[in-house]
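As a starting point, one isolated chain is supplied in structure tokens, in the form predicted alone.
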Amino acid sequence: MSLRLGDTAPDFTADSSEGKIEFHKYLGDSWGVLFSHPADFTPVCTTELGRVSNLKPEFDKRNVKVIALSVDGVDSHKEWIKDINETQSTTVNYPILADGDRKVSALYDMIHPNADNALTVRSVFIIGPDKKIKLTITYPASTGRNFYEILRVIDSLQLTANHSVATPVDWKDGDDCVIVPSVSDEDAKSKFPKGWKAVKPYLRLTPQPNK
């Protein structure tokens, strides 16, 4: 099943390094990041899991719960976590799902047969509090992810969910935003009291409204 933006993230129950996870219940009213790994004891994944552990305060600050997945079992995960903690100078502080039967991988289309018919690709799903999928990214197994980019996207998603703006190229938190075309200049006067710069009638830049 191919999931698209706006689809409801499939619910599931699975074992993890921190016990049984009922996914929707686990997320509660939080945002979520679900990200998959080809297998335990793989080099790139080891660096990724360590980076997410170190960035967890940044995810927490944004009300985001992170959860990883690998096709190996809980006992394997727990041994791998020891290596991650040692080599990445961290303490893994979020659950790693055990998906030996590939149930969750199938729900989220994480196994791409033309790449490898047994291992998950590096998929990322950002899920909103409404349980809808807000972003999907799929990387090849050979390329590690940039979790600073994932945090940047979360900042944009959370901003644009609450204000009539979009974020332009290379935007980061604190930069000017674009007023969406559906907002008239007249309505923009009340919505954006800091004003805006009209580069073109359809391209109006305004200071970030929640700053």
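One-based numbering along the sequence shown. Keep in mind that what you see is a predicted model, and the values were worked out from it rather than measured.
Note that the form predicted together with benzoic acid isn't included here; everything after this is about it.
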| remark: Of P43, P57, G28, G174, the only residue with a heavy atom within 4.5 Å of benzoic acid in the model of the complex is P43
| Residue among V104, A141, I81, V124 with a heavy atom within 4.5 Å of benzoic acid in the model of the complex | A141
| request: Look up in the model of the complex whether G50 has a non-hydrogen atom within 4.5 angstroms of benzoic acid, and give yes or no. | output: no
| message | For the interface check, one of 66 to 74, 174 to 182, 154 to 162, 141 to 149 should have non-hydrogen atoms within 4.5 Å of benzoic acid in the model of the complex; which one? | response | 141 to 149
